[in-house]
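Listed next as structure tokens is one chain, alone, in the form predicted on its own.
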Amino acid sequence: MELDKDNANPTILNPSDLPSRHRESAARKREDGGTGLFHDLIPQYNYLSDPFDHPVSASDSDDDSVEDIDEQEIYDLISSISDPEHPLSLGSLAVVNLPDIHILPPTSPYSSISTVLVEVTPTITHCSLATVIGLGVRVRLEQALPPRFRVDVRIKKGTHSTDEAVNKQLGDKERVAAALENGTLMGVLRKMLSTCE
């Protein structure tokens, strides 16, 4: 039985046109003409020297430096989430867009908690699954980001007929917690997040 879809013919963007940092390092060229896809898996030492005697790189340091996370990285985390109605990603449907992602600094000088604000644009103004999509984005970010980030997912103002009501639901911690205890809803969310890398 085919489900009735709110938007049977959504606008679909070509995945190669979406902003991504993943393509930059996907196939680096080596001097010998190879692509180097597995280059990082091969140890960088010769067998005449001690493999454990190598200089410590900056990435190996044990200091408590905080790695910067930017809007592009947030977009890369959520753009591959699959839409609950269509076999396409939220990035391909332009439900999530890079200009609609903001990282807000801590509100107090005594706090280290930043806020990630994501504004979701439903494909149609009466999308019945807008809350589910927002919940999926929220769950993905809460699972992937370190605890120094607070996640705030909203429906972009003016893009949904009931955006204020949906935003109230998405912002209410008790309602979100109750929704995540619903087995049927969790099955939908697991299916949506199964396409994430």
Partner chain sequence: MPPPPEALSYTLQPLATLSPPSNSRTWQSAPHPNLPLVGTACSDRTVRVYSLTSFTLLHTITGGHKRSVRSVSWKPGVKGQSVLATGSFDASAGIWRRDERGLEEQDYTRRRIGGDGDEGEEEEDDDYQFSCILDGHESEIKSLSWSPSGQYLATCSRDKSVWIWEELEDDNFETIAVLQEHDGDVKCVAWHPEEDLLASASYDDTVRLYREDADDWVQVALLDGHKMTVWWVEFEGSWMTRKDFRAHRDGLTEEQTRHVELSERSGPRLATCSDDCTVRIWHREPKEGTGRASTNTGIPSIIRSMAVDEDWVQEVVLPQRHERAIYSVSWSQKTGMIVSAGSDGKILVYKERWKTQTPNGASVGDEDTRMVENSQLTEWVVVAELFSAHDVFEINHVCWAARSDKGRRSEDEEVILSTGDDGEVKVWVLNELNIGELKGK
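Positions refer to the first chain, counted from 1. All of these numbers come straight from a predicted model, not from anything done at the bench.
Below: the form predicted in complex with the partner chain, not depicted.
Chemist: Report whether all of Ile12, Ser20 and Glu71 sit within 4.5 Å of the partner chain in the model of the complex, measuring from non-hydrogen atoms.
Modeler: No, none of the three is in contact.
Chemist: Could you confirm whether Lys156 comes within 4.5 Å of the partner chain in the model of the complex, counting heavy atoms only?
Modeler: Lys156: no contact with the partner chain in the model of the complex.
Chemist: Contact between Asp152 and the partner chain in the model of the complex at 4.5 Å, heavy atoms?
Modeler: So Asp152 counts as contacting the partner chain.
Chemist: Mark Thr125 yes when one of its heavy atoms lies within 4.5 Å of a heavy atom of the partner chain in the model of the complex, and no otherwise.
Modeler: So Thr125 does not count as contacting the partner chain.
Chemist: Within 4.5 Å, heavy atoms only: does Ala178 come near the partner chain in the model of the complex?
Modeler: Ala178: contacts the partner chain in the model of the complex.
Chemist: Does any residue in 147-181 get within 4.5 Å of the partner chain in the model of the complex, counting heavy atoms only, and if so which ones?
Modeler: Going through 147-181 in order - heavy atoms within 4.5 Å of the partner chain in the model of the complex - the hits are Pro147, Arg148, Arg150, Asp152, Ala165, Lys168, Gln169, Asp172, Lys173, Glu174, Arg175, Ala177, Ala178, Glu181.
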